[in-house]
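Given next, in structure tokens, is a single chain: the form predicted on its own.
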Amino acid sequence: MDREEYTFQALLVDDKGKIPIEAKYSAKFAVQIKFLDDQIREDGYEFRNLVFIIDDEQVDLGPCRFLTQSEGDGHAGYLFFVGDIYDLDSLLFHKKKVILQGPFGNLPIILEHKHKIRQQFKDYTASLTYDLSVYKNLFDSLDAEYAFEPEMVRKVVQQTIIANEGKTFFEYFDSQLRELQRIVADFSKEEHERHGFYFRKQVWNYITLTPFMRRTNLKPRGYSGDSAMMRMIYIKEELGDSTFSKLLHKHCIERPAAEAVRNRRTLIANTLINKLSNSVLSPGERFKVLSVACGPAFEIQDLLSNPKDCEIYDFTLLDQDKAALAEAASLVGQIELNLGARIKVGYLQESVRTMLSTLRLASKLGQFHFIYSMGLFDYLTPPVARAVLWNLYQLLQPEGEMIVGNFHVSNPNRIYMEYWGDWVLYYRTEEEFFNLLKSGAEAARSTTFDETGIQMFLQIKRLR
């Protein structure tokens, strides 16, 4: 459905009765209208009620104000809500009544929340925010000193500050993270959630300064660990509008947990190359690879270094996120341009729910020589993880191999990720990970770790 062209019938109600109108979706919180009678309404006129007619049902939306703004297309102007402000995107296209001011209804509960926070934690948070404000002011004052220097001078001076004074800040920040971990060590799951929520409200101004943490918290695609976050980790760019924001961003993407993410990209490429070298393919047969929750699929550029490599593989990239698939397609296009060769690749937008239906997947995808999924299982509960793994296993050809990743319970950055990043994973022990595959599978399996000891890999070979 083209949202910009979506029109529907509606009614306006005032003291004189009901007035039929044609409404057009034009913005998330306002609607463009055309009066179906010959009366002219003055600018600023208020109606008692706006009624949408959706699927032959009337939806009352309350009082609204008419503002004239002719755009030469026959529409008289716009209607704006004067009470509850409805999200028209949710209402018209998802059939959900969502009010912009809805969160204010929970305000008393949120404000009461602070009374359940341990005093020691409050003291820690207050001291931390004071210290961070001092550091920020110092770094901002340095930025102001060289703000009008030539670009090259600004860049070199800032890099020098990051390398020297930034190191001192990192030492301080690491000590504060260790203290946070000590304070919350005996918290229950509920206490972690409650104190994490409180903590992020106190340090929100610093979170939003940091490109990486801002995205993990705001979750613009509805979930943590999206392809844009992975890109930040892989590329290790210096992002931020100031020295202080760059330092916070740099600190995030240089932690062991981030290094573990980079390591798994390398491992996938090496494992695939090794598997291919030990495989016997029929004449004209390609090596079929399925990447589940593929994200930006950066590992493909690690595999394809010359045009001949492009003739070997048949990739299927699967992700629930349309934007991630678009990023992967863009990367593939760039590789093709660089190598002057075509890559055989299919893109599939599917969710975990689809992955629970083996027959549907098999009919659509066929079977594969190699399947991998690095980040998906970090977000799956044990029952769902077992079901997904079993269904992916059944997509393997005989002698086909699969490798999936999961963060280990020992992740030293877990509290940092949860309290600062609002990034919660399902961690597993080695035994729990190993036992995800059903005992009835005729397979050889093993678990290994990356160099950090944080990232686990479950390797499965289907015997027949």
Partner chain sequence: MKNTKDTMKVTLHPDWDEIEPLRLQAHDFFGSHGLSGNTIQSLVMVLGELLENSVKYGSYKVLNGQINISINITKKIITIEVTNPIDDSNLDDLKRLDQMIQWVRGYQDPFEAYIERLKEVAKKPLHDKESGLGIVRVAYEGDVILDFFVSEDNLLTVSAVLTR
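Source: prediction; values computed, not measured. Basically, rigid core = biggest C-alpha set you can superpose within 1.5 Å across the two forms. Positions refer to the first chain, counted from 1.
There is another form of the same protein, the form predicted together with its partner chain; it is not shown, and what comes next is about it.
Only one of 193-201, 125-133, 173-181, 147-155 places residue heavy atoms within 4.5 angstroms of its partner chain in the predicted bound form, namely 193-201. Contact annotation: Lys95 falls within 4.5 Å of its partner chain in the predicted bound form, judged by heavy atom distances. Under a 4.5 angstroms non-hydrogen atom cutoff, its partner chain in the predicted bound form lacks Ile162 among its neighbouring residues.
Within 4.5 Å of some heavy atom of its partner chain in the predicted bound form lies at least one heavy atom of Glu418. The closest heavy atom approach of Ser26 to its partner chain in the predicted bound form falls outside 4.5 Å. Highlighted residues Arg353, Val424 and Thr429: every one comes within 4.5 Å of its partner chain in the predicted bound form, counting any heavy atom. Of the candidates Gly340, Gly333, Gly83, Pro383, Pro383 is the one whose heavy atoms come within 4.5 Å of its partner chain in the predicted bound form; the others do not.
Contact with its partner chain in the predicted bound form, judged by any heavy atom within 4.5 Å, is made by just one of Ala258, Val388, Leu79, Val345: Val388.
Residues of 220-248 that come within 4.5 Å of its partner chain in the predicted bound form, judged by any heavy atom, are Gly222, Tyr223, Ser224 in sequence order.
In the core-superposed comparison between the shown form and the other one, Gly105 has its Cα shifted by at least 2 Å. Positional change of Tyr419 between the shown form and the other one stays under 2 Å at the C-alpha, relative to the superposed core.
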